[in-house]
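What follows is one chain in structure tokens, specifically the form predicted on its own.
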């Protein structure tokens, strides 16, 4: 029995389905049960959260969490499906400190909100950036320009006029 199947046996009401993702055990988790399932995965020895990925499909979002157990030398992926109208899920920062930056990156690029995150702000793009570049509805035709303002802050514009003010 692989780790995803073991998790399903331990939490049958939390796990929607199991399978493989790139030959790694994967469990689809109910959104409202994520904290419980992630906590159980940690108890099972999955002590490292290596990657959080957000994917925008036309009708829903997915968040995929990749865990690794150094003692067992095993991988486990947990997947959560989110409504396209309200892409939000509980933060895992209380269980893994490393979730902090991984969730911020997913928020920044895909626009998924992590409820309870201690500092959910952009990490790669400046605060004034419009949209989330890995979303299907991101406007690729609008150019955005970033310069450094007089007080040292990033200034984002869509018309490039702030580029002309440089001396």
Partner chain sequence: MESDELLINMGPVHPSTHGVLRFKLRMDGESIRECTPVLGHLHRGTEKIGEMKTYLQFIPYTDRLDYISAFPNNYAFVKAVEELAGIEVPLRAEYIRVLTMELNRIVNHLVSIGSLLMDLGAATMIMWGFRERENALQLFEMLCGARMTFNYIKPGGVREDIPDGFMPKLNEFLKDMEKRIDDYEQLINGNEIFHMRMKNIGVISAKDAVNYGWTGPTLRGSGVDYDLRKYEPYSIYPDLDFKVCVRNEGDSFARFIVRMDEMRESLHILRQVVDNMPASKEISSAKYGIAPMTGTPTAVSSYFPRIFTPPPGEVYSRIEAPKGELGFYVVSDGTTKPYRVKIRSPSFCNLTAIPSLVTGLKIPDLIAAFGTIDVVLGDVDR
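Positions refer to the first chain, counted from 1. Note that the structure is a prediction, hence the values are computed from the model and not measured.
Below, we refer to the form predicted together with the partner chain, which is not included among the displayed structures.
Peer 1: Is residue 40 one of the residues lying within 4.5 Å of the partner chain in the model of the complex, judged by heavy atom distances?
Peer 2: So residue 40 does not count as contacting the partner chain.
Peer 1: Does the partner chain come within 4.5 Å of any heavy atom of residue 105 in the model of the complex?
Peer 2: Yes, residue 105 lies within 4.5 Å of the partner chain in the model of the complex.
Peer 1: Is residue 75 a contact residue for the partner chain in the model of the complex, using a 4.5 Å heavy atom cut-off?
Peer 2: Although the partner chain is absent here, residue 75 would touch it in the model of the complex, with heavy atoms inside 4.5 Å.
Peer 1: Would you check, heavy atoms only and a 4.5 Å threshold, whether residue 33 touches the partner chain in the model of the complex?
Peer 2: Outside the cut-off, so no.
Peer 1: Note that the partner chain is not shown here; using its position in the model of the complex, name the residues of 111 to 129 with a heavy atom within 4.5 Å of it, in sequence order.
Peer 2: Those in contact are 123, 124, 125.
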